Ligand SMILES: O=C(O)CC1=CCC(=O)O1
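Given as structure tokens, the chain that follows is alone and in the form predicted alone.
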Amino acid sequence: MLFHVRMRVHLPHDLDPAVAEDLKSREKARAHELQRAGTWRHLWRVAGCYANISIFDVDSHEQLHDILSGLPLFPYLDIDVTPLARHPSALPDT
């Protein structure tokens, strides 16, 4: 199952800089792990925002929920999820 996920990060302005750097470092490591596993298939930065647009390939809604809620930055994320389906006019995968 493919999902389009938009994540916007809202770190508190008074968050200790060391805590913020630790969160970002752990988030990056987890993102790399999920990309290598083929679960986080695409990751794009949104220009001018502390946000990204991603494509996740998971087996269930529950798996996506577990992945997103387990991200180190999750408490500071505003997340929009859109399920994707193959378009009938799309070229077949080769």
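Model, not experiment: these values are computed from the prediction. Just count from 1 along the sequence shown to find any residue number.
The form predicted in complex with this ligand is left out here; the points below concern that form.
Although the partner is absent here, Ile79 is not a contact residue: none of its heavy atoms lies within 4.5 angstroms of this ligand in the predicted bound form. Of the heavy atoms in Asp57, none are within 4.5 Å of this ligand in the predicted bound form. Interface residue remark: Leu68 is not counted as part of the site for this ligand in the predicted bound form, having no heavy atom within 4.5 Å.
Shown alone here, Ala20 lies farther than 4.5 Å from this ligand in the predicted bound form, counting heavy atoms only. Although the partner is absent from the chain shown here, Lys28, Arg45 and Leu73 each have a heavy atom within 4.5 Å of this ligand in the predicted bound form. Heavy atoms closer than or equal to 4.5 Å to this ligand in the predicted bound form belong, across 50 to 88, to the residues Tyr50, Ala51, Asn52, Leu73, ordered by sequence position.
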